[in-house]
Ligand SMILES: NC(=O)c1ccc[n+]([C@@H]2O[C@H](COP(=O)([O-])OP(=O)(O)OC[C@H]3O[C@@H](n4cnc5c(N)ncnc54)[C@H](OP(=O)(O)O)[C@@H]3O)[C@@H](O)[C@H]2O)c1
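Presented as structure tokens, the chain that follows is alone, the form predicted alone.
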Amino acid sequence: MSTSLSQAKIAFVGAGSMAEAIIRGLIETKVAQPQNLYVMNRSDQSRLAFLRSEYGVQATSDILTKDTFLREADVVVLCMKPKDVVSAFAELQPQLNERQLLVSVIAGLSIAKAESLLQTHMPIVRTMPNTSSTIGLGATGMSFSSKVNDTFKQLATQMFEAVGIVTIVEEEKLEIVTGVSGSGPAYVYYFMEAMIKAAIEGGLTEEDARQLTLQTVLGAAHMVQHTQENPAELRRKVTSPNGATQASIEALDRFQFSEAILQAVFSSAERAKEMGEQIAAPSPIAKSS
């Protein structure tokens, strides 16, 4: 197969928001060619039509065309929902071969379970990207099966670096990556919702509340990035003794802000693990048919 992403044929199984985020990133950064990107789903024609017109990719839900796309692909990216995994994998299995690279974006699905469901020794990359990938500011956790060679490692890393940063971890750490960066944008949005609500209750217009909150969060993130200082140190610098900020931090502590975030991260990680475990193994009957 081609060792460069610009030449590689990449098939996306599932046409949801994460598939679109990766496709958009690959095309906008010119890392991959639109005509080499194949997208397929079960039946949602309007979604496929949108992806075709928006990005110039090849898209289909026709079974024969899907089979051709899959067989021709150098990289197959699995973007379906966990509940659809078993039925989708049964359809996929005959079309895949061990020269291809399989990239999973399915929360909680272990490499071992993917191998077992597909009855394969294909090289598998398990990833946990987040939705900020859509604008090229994603954070992706990544683990490799023992069959993934250096060329494939480079290919997978380059693919997700087109949509943000990549952190390579041992597979058992991927659930905690889900808790931190996979679900993480939602914590920040929830925090922003609360800030906006407080600003409006305090008498600001909705527009001013939104703009001030947005710029504050953006500025804080950039400060950490720009100064490379520990967030705790930056927080101490803006917290004068007995000042307004100290009063606000004490209020957050009274409501156990840190503990709430800790619990959020671990709850997300636990649920991702559960979702993976709930993906059923194939029954003996399904194997023989």
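Note that residue numbering follows the sequence shown and begins at 1. On a predicted model such as this, the values are computed, not experimentally measured, just so you know.
Note that the form predicted in complex with this ligand isn't included here; everything after this is about it.
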- Item | Interface residue in the predicted bound form among 177, 79, 155, 73, criterion: non-hydrogen atom within 4.5 angstroms of this ligand | 79
- Message: To verify the annotation, which of these, 272, 13, 10, 23, has a non-hydrogen atom within 4.5 Å of this ligand in the predicted bound form?
- Response: 13
- Query: So in the predicted bound form, does any heavy atom of residue 17 sit within 4.5 Å of this ligand?
  - Reply: yes
- Give a yes or no for residue 211: in the predicted bound form, does one of its heavy atoms lie within 4.5 Å of a heavy atom belonging to this ligand? no
- Task: Give a yes or no for residue 106: in the predicted bound form, does one of its heavy atoms lie within 4.5 Å of a heavy atom belonging to this ligand?
- Result: yes
- Does this ligand get within 4.5 angstroms of any non-hydrogen atom of residue 118 in the predicted bound form? no
- Message: Please identify, from 86-94, 187-195, 164-172, 118-126, the stretch that has a heavy atom within 4.5 Å of this ligand in the predicted bound form.
- Response: 86-94
- Which residues within 38-59 place at least one heavy atom within 4.5 Å of this ligand in the predicted bound form? 40, 41, 42, 43, 44
